[in-house]
Each structure stands twice: as C-alpha cells, then as structure tokens.
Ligand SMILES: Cc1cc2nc3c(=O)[nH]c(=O)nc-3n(C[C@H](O)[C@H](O)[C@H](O)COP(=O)(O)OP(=O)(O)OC[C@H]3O[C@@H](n4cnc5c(N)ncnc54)[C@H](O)[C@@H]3O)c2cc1C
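One chain is shown next in structure tokens, namely the form predicted on its own.
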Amino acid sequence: MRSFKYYAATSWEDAVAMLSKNAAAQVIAGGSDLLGWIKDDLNGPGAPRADLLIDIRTIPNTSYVKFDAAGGLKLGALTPLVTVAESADVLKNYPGLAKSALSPASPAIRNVGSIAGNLMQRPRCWYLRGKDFACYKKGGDFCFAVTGENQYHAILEGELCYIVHPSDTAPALIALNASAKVVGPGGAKDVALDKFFIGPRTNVLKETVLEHNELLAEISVPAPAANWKSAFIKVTQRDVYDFAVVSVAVAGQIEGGVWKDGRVVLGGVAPTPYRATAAEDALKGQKIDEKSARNAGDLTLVKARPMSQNAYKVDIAKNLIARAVLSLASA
C-alpha cells in the first residue's frame, strides 16, 4: 500500500477547513469502504487517490441516537449501524430503518460502519473497482457493463453508467422523508435525502450533491404520525453478508386498511435509491390487498430497461414491492 498523510480533525469546521486546503484529501471514519479503494490504488476523476486522510472519528459528539415524539429522530453521522439497529426508539417508531441498519455486511462491520458511511459508500461495480477498466466514472469513455457482466447492474435510470447504489439504509431513510445536515465552508444546511443522491445523468463522476469540502454531519427523521408503519425487505445472492440484488423500503399511513399516504423506495436497481412515485400514486386512497399491491409493483417497473443478464431483477422488484406493501396492512 502506498503512503499517505493522516490528520485527526477536532471539529466539523476543522475537517471542512482541511478539505478546503487539500484537493487530494479524503475523509475516513469506519473505513470499511475507503480502505479498499486505497489498497487497490484506484485512480481517475471519479476515483481520486487520497494523499491525506482526515479522521472524523476524533470529532466529539458525532455518535448518538436522539428521539422525542415532537421533534423526531436525530442520528449522529458516526453512529454505528448496530447502534441504530438496536435502539429501542428506532425499533418502536421506525422498524423499517432498524431492519435496514441490521442488514449490511457482518456483525463486525456493523459495529464499525457508521450510518453516514453506509449512505456515502461508493458503488460496487466491478469495472469501477477494477484497475484495468477505464470506465466513465474513472474518466474513460465507455461503460463495460453494457456488453460485459451486468447481472447486478441497473435496470432503471441507467445512462452512461449502470451502477446501482449499494446502501441498505438509504432507501429506508428516504421512505421516512429523512434529511441530511450538511456542513461546509458556509456553515450548515439541510438537504432532503431524496435530493441528496445524484445519478450519472446529472454527473457521472459523483454520487451525491456534496462538494469536496462538505460533510454529512447528522440525519434527521420526522416524528411518525398516527398510523404510520414502515418495512424493509432485501434479496441477496447469498444468505449472509451480501449487497442487495434488490431491496425495497416502504413507509405508509394505513387507516382502516387503506393507504392514505406514503413512500416506496427501491435499492439495487438504479444508480441512486429509486423512489417509486408510480407506486405511491397508484396506492393512494386504495385498500391494501393483493391486487393493489401487485399493481403498484407492475407500474413501478414499466420503465425498466434491463440489460442482457439482469432482467430477473424486474420480477424480483415487482414481488418485493407487493410483499412490502402487504406487510404494512398486516402489521
């Protein structure tokens, strides 16, 4: 492994200042994703080398779970996934989020991996992470997945690059209408999580709206209103320790078995967490039964454009949406 410099940040403002001064600096917290990039020595406009690692674990008071019935949930950026998954407040009020936080990787990784790190992890595309492929995200002019091995790639909103977003917690948080507190040179601002991620159609070299010198410091989730329920379901290639082939998070207000309002968000099918607005519109005002749940899944996948090896994801996504929606009616 090549050498690099290390800096222990003392505050969010300190970390932002160091990022502003160093174009080749990157932030490290749990490090389960970043260290792989460093060991493989990947390089390119969308995979820059880190000459300086800024440690944000040394910033005080960055790991916490705070909840109150009026203000909702606050998660510190460095809160370990296991802490989110096992929080009594999260389990009671946001069961879909708790399940999504328990889903990534192994127990050991969930103990060091943070909630913000799970949101910010880079795509798992083997062409992006392979040194021998000058793909679009590394500044090249080709997506090797189009004619290559693409069984795990995008079936929705792929363009130029057909990555899928790997986060389990992102769909759950977007379904719950969460927002991110972003700290930068101009201070702090709030960004809705369904506007936080950007796909290759917008900028093939980025996955979030964050600039180089901006950091995700906190996640906020509104307090659950009456009759709101949530769920998360994930399908993987292996039974344990794997990324989602397809996942779905739902959060809905169910009254008398009728879907009054809510969100449906897919993971593993698009370059960003995919909000299934077609499903949301179709469900609104409908009694939740097999027919309405299946219809929501069918309408969501009308725009799917699978490649040569990943058409199987279409049926999985349809079925997961139906299962998740029906689970809220029976919860």
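As the structure is a prediction and not an experimental result, all values here were calculated from the model. When you see a residue number, it is the position in the sequence shown, counting from 1.
A second form of this protein, the form predicted in complex with the named molecule, is not displayed here; the remarks below concern that form.
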| task | Kindly confirm or deny that 254, 319 and 328 each have some heavy atom within 4.5 angstroms of the named molecule in the predicted bound form. | result | no
| query | Would residue 152 show up as a contact with the named molecule in the predicted bound form if we use heavy atoms at 4.5 Å? | reply | no
| query | Is residue 230 a contact residue for the named molecule in the predicted bound form, using a 4.5 Å heavy atom cut-off? | reply | no
| said: Is it the case that residue 243, even though its partner is missing from this view, gets within 4.5 Å of the named molecule in the predicted bound form, heavy atoms only? | reply: yes
| field | Residue contact check: residue 176 to the named molecule in the predicted bound form, 4.5 Å heavy atom | value | no
| remark: Per contact check vs the named molecule in the predicted bound form (non-hydrogen atom within 4.5 angstroms), the hit among 89 to 97, 254 to 262, 164 to 172, 221 to 229 is 164 to 172
| Contact residue in the predicted bound form, from 34, 270, 52, 42 (heavy atom within 4.5 Å of the named molecule) | 34
| Heavy atom within 4.5 Å of the named molecule in the predicted bound form: which of 288, 27, 38, 47? | 27
